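To begin, one chain is listed below as structure tokens, in the form predicted alone.
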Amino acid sequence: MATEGFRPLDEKYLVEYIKATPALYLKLGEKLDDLQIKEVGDGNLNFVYIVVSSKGSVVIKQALPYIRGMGESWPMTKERAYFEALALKENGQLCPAHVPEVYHFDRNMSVIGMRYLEPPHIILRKGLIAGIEYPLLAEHMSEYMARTLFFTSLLYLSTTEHKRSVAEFCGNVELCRLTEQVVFSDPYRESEYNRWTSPYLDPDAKAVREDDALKLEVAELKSMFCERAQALIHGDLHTGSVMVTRDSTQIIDPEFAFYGPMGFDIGAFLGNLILAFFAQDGQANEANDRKLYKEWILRTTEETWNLFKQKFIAVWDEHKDGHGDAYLPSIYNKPELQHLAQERYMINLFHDALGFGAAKMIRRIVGVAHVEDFESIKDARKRSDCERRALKFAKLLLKKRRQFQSITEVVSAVRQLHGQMVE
């Protein structure tokens, strides 16, 4: 599967590569005798190396020309590294506090060298499984989403600027097609890649494949995902793509980035928080019933959307007289009209986010790639109980998303359904 100028990095070749790359060896110090190298690519797609010396540290990420978790039987363009580096740089300019700095990018080798997020940073999903509270999570995630989505949309950009950026990211078609397949198609049909906690969820998986109302809603979302170039989105913004400490939040792995619907990013994050909520019953034990922690997750879900809406409208207000072509100031020239436009925009975005969030929840239960929140629950019957509750809520949310007018109503619906199903 080798392509021109490409060679998979092993530890020995990695040292040679660093020595030949000034941007990397200068971060580590010019004497590289004491390098410590650890491969941590536990995802499905890439090699990821942490490289530490006495003088500094870097992360080296290399995209392979196939899906690592599947091997060469599932080819995958290594060009995804180009789009990831592009997105990291773009979003790093828009929100530097929450995006790791890129030091080096090599397109032929599909290698990105970037800031190492040192301990105690951990993947957010692992922190949620461990029951750790992150008091600034909603503040930071809302800031990241508000800035990266607003400033890459027509609310801020001219159509000329916007179309130029859309064209740049259109090449990431292969990863978009992967999302189309695993999120919007496979869970609703027989597919060799689907799996679930069998036999306990066999009837539930079958019910998804036979639910015509659900399929019609998913068709709308798939159409929007494929057709609507609203803003530069991360494309895979789940709790495994965020690294955290109690006072730091860093968004990583935007290799699925393209110009798509804003609600896909927002929904992915909120949907994964709700999955984490439903998984808590399987993480609970006699020492910790996780009740307080479940309330923290729901509070964080609510705060994330509310803070996002507040911040998004604030930057919109700040730039309402700018050169964004969506709402020309010569037309939307009255405060009350501007307010009405914003309200309509935000409620539509809210409903988009709920739909995409629900679709992301469903694929994580009856599709190809599951989440550690559930997978770490060893007792299959207990795990399936948690998954069934999450799946039932996701189906309700997908079908009735337009009936919700606030995130508070969504959180109340989570509580109500959870309470009914655990009684």
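Start at 1 with the first residue shown and count on from there. Values in this document were obtained by computation on a predicted structure and should not be read as measured data.
The following text describes the form predicted in complex with another copy of the chain, which does not appear among the structures shown.
Contact annotation for the candidate site: N46, E79 and L94 all lie away from another copy of the chain in the predicted complex (no heavy atom within 4.5 Å). Proximity to another copy of the chain in the predicted complex, taken as heavy atoms within 4.5 Å, picks out 213 to 221 from the listed stretches 110 to 118, 80 to 88, 277 to 285, 213 to 221. Although the partner is absent here, S185 lies within 4.5 Å of another copy of the chain in the predicted complex, judged by heavy atoms. Contact annotation for L154: at least one heavy atom lies within 4.5 Å of another copy of the chain in the predicted complex. In the predicted complex, another copy of the chain sits within 4.5 Å of a heavy atom of F258. Although the partner is absent from this view, K291 stays clear of another copy of the chain in the predicted complex, with no non-hydrogen atom inside 4.5 angstroms. For the residues A229, A146, L298, I252, the 4.5 Å heavy atom test against another copy of the chain in the predicted complex is passed only by A229.
The listed set N348, N306, T245, N194 contains one residue whose heavy atoms approach another copy of the chain in the predicted complex to within 4.5 Å, identified as N348. Heavy atoms closer than or equal to 4.5 Å to another copy of the chain in the predicted complex belong, across 324 to 363, to the residues D325, A326, Y327, L328, S330, I331, Y332, N333, K334, L337, L340, A341, R344, N348, ordered by sequence position.
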